[in-house]
Structure formats: C-alpha cells, structure tokens
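Below you will find one chain, with nothing else, as structure tokens; this is the form predicted alone, and questions on how it binds or moves follow later.
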C-alpha cells in the first residue's frame, strides 16, 4: 500500500479482482477507454486482463481506495516508451459516487507521483471524450495542458465523437506534496459501501446450504 492524502494505492489482488468485474461493465470503464459499450466482460476476461497487466513491463494496473477502505477504482499507466520516457495514464472511477470528488483527483495525483517521482518519466499523456467535462476538470486541476482535439475520432453511442488530448511534462509537475497542499484536497465524507463477497465465499455458502 502507498499512502496519499485522501486515497491509498493498493495491489490489484483479492477483493479488487472482484470489484473489477463489476467496474469493467460500467459506463466509466468504457468512457475512460474511449470504447463503445460492448458485450459484458466475463469473469474469465477480467482475470485475463489482470494477468496481462501483471506481466506488462510497460504499464501497471493499480487499485485506489478511500482512507476508510472503500474501493473507488483503478489507475493505469500503459504504453511506456522508454526512449522518450513517456506513458499514457488513465483513471477509472468504478464507484460513481466518487466521480468528480477530490478522492478521484488524488488517485490521479498519486499515479502522477508514481510516474514522475518513481519512474522518472519525462511526459504523460491523457485523453477524454469531448463531453466528459468531469474528466477535463480533473486533468486541469492536476496541471495538464489541453493540447488538441481529434475531431470525430471515434464512434460512441452511434455518433462520431471528438477526443480531447492532454499532456503534462516533468518540469510542470511541482511534486505531490506541493500540488496537494496547493489544491487543499478535502474528503467527500461518503460512507463506505458493504464489501462484495468473493465468488469463493458465495460458492462455499451455497454448498453449506445444500448440506
């Protein structure tokens, strides 16, 4: 676990694998990845995605949770290009109650902290659908510059949609402690949701009921 101001980064193990199956079938996942809604991601597909990211030497899948242990979502860095020292970053707010909150922003800041202060990247890139104003605000508060628009770049919900491009350079990153103090992050005060049961636990309960 890596501790932040409002959230902590955690490995994608145990409970988080259970949550990801739900998150990967929610709108936030598709918006973050610029995909149209597709057939549901099955349990097997989710497991393969986690395994793929675990083996990915140019990226990582990391969970983030509120200080009370409430799982919020995941942050991803991918397509790291070592020669240029750059990577793509993505934030998925799986629990939509936290969308637009300072906890979600802190998840992004913790990812940037990892990219710039641990991996020593020169640049990170981020994208958003043109109507995703909550994402725009989060990127801008984190210090990203809007660098352009890919016009009618994809089809989403049956329409052609623009993609907005954002970038942040290492000399524009003031450091995690500095930017969190400047932003004055405040907790949302949301109550944690009941923990999801693992499938093994559910199967065990069913077996006991049959006895």
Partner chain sequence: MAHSTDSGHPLLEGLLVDLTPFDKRFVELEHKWENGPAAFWGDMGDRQFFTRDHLRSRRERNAAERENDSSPAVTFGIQTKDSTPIGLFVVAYIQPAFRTAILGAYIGEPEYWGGGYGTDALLLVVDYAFDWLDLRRLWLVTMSLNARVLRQMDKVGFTMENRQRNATLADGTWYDIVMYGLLRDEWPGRAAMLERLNLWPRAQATKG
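The structure displayed is predicted, hence computed values, not measured ones. Numbering follows the first chain given and starts at 1.
Beyond what is shown, the protein has a form predicted in complex with the partner chain; the following relates to that form.
Looking in the predicted complex, is the partner chain within 4.5 angstroms of a heavy atom from every one of 125, 149 and 169? Yes: 125, 149 and 169 each sit within 4.5 Å of the partner chain in the predicted complex.
Proximity to the partner chain in the predicted complex, single hit among 154, 179, 46, 53 (heavy atom within 4.5 Å): Checked against the cut-off, the match is 154.
So which of 116-124, 96-104, 68-76, 130-138 is the stretch with heavy atoms within 4.5 Å of the partner chain in the predicted complex? So the stretch in question is 116-124.
Just checking whether residue 36 would be counted as a contact of the partner chain in the predicted complex - the rule being heavy atoms within 4.5 angstroms. Yes, contact at 4.5 Å.
Could you confirm whether residue 165 comes within 4.5 Å of the partner chain in the predicted complex, counting heavy atoms only? Residue-level check for residue 165: yes, a contact with the partner chain.
At a 4.5 angstroms cut-off on non-hydrogen atoms, which residues of 63-84 are near the partner chain in the predicted complex? List them in order. In sequence order, 81, 83, 84 come within 4.5 Å of the partner.
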